[in-house]
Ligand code: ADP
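Heads up, the chain below is alone and in the form predicted alone; it's given as structure tokens.
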């Protein structure tokens, strides 16, 4: 019998999946259903990287889940799903750890959809589809916001009337599953650093940074929504609220039009007029692409300085995410003006994508750690079943 835990990360038109054994950190299989709809594509591979046969109805998330399970069962005919873990972007102020989902939990999470309109509905759709397909299998929701509930109130608030804070208008922070993994991995690799002041830069199509003190979140660049802080692939990052008032009052833009502008037309795509993909921009050689990269680097440098101030110093800077793990240029560019913080990277180590890219003499350690949100979700699903294993093993 192949007893396993399935993890699902449902986006608006995608479904990222991983199948983990009952114990152990190495997945049996991973994959992605992309462009869910008439042009849907499903790619799965086993632990060796060999592709798995994958096909089916990819016009909906439910169809994609069924196609994934059909493929897994063809590979492992005796497959038994013990639990299904789900990434849920928003858990609100009260969910500080993963929860087993029932109808009451779903209703509570639906109330948070206005706080994450482009993420939450799709996350919940994935849960509903899995509940329908596997009615007897526990469904475990893992929240991107939960990791940041250790933030002090000064990091959790806006300078707005107090009643709005009580209504939920506060800083939540996101990418918490990634930060949770990095905090645990750093504690395993370099416990002396993990106990100190660490800034983690999760840089990808979605980008943010988090300040950790002894492995706990103290501040994040993202706030009430996943729009704030760093510029992203298509999201604006930090913007003066007065700009939004101007767009409404002077440009006559509706809330829907502004939402589309901020979430889908801005960031690297808006600045470059070319692409939301950093790889494309690095290769483009156009002035607009260069300006988009300059702005991204500048904002990253500013946020590192801001978070270091929140921590009262810095002992380590960790890069993760698609850009953070792979773009040697962006890492070098970000670090080149941070020497005053004790940051000095070794060009050869950076070019080789070494785990530690700072020089031996640097006061602040700079590392590259590949994040693994799926493993965090799988561990949470196991824990819900009493199957958790020691993270340090």
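Numbering follows the first chain given and starts at 1. This structure is a prediction, so every number in the text was calculated from the model and none was measured.
There is another form of this protein, the form predicted in complex with the named molecule, and it is not shown here; the text below is about that form.
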Residue stretch of 255-263, 163-171, 197-205, 150-158 approaching the named molecule in the model of the complex, non-hydrogen atom distance within 4.5 Å: 197-205
Residue (of 294, 108, 288, 282) lying close to the named molecule in the model of the complex, criterion heavy atoms within 4.5 Å: 282
Listed residue that, although the named molecule is not shown, lies within 4.5 Å of it in the model of the complex (heavy atoms), from 71, 217, 276, 95: 276
Contact flag, residue 223 vs the named molecule in the model of the complex, heavy atom cut 4.5 Å: no
Residue contact check: residue 138 to the named molecule in the model of the complex, 4.5 Å heavy atom: no
Touches the named molecule in the model of the complex: residue 184 (any heavy atom, 4.5 Å): no
Contact flag, residue 212 vs the named molecule in the model of the complex, heavy atom cut 4.5 Å: no
Within 317-332, the residues that have a heavy atom no more than 4.5 Å from the named molecule in the model of the complex: 321, 322, 323, 326, 327
